[in-house]
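What follows is one chain in structure tokens, specifically the form predicted alone.
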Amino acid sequence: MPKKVLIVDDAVFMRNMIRDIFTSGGFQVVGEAANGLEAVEKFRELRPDLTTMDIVMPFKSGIEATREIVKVDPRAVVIMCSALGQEALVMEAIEAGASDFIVKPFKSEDVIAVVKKVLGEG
């Protein structure tokens, strides 16, 4: 049974890139969200095994959304996607309950390696 993934990013091209990485890695992308509000709603609805979360988004940041998701399910696996230079935000995200992070621009093998690590498959 493939692991289910929810992709959260306000940029369509980034969601498409991440979807391609996961699909070619044998994962099932069950949903996408363009902001933190949608992320929390979709998480509640879809209960993915893994959520990728952009940090800077409209309406609700990835950090706020991660806090809410972890309240819904303390075992939720959230991987933050951050741009270079957002180290302080990444630390805040980890404190909010994120499992790990990947830095944009990223290579598909790096994404899959981090995912396997946090899912205990690496």
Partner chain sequence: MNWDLSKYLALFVSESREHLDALSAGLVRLEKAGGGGEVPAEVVDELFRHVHSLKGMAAAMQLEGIALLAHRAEDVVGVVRALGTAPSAEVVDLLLAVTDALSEMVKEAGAGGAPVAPEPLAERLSAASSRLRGSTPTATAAAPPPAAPAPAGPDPEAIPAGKTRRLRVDVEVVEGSPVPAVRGFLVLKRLEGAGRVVTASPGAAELRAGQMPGRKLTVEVETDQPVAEVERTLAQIADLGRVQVLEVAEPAPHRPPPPAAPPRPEGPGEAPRTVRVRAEMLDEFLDVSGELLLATARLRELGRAMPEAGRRAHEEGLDRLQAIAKDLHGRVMSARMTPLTGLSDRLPRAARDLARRTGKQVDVVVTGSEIEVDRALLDEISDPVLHLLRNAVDHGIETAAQRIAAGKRPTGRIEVSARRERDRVILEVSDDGRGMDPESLRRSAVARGAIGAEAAAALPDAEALLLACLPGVSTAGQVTDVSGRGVGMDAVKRSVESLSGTLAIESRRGEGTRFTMRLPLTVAMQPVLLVRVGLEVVAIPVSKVHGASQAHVEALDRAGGAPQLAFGGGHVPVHDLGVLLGTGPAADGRRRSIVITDSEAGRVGLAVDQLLGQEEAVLKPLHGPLSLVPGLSAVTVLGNGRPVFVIDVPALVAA
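Predicted model, so just to flag it, every value in this text is computed and none were measured. Numbering follows the first chain given and starts at 1.
Below, we turn to the form predicted together with its partner chain, even though it does not appear here.
Student: Going by heavy atom distances of 4.5 angstroms or less, which of V90, V70, V40, L50 would be at the interface with its partner chain in the predicted complex?
Tutor: By the 4.5 Å criterion, the partner-contacting residue is V90.
Student: Any chance all of E95, A98 and V103 sit within 4.5 Å of its partner chain in the predicted complex, going by non-hydrogen atoms?
Tutor: Each of the three qualifies.
Student: For V114, is any heavy atom within 4.5 Å of its partner chain in the predicted complex, or not?
Tutor: It does: once its partner chain is placed as it appears in the predicted complex, V114 has a heavy atom within 4.5 Å of it.
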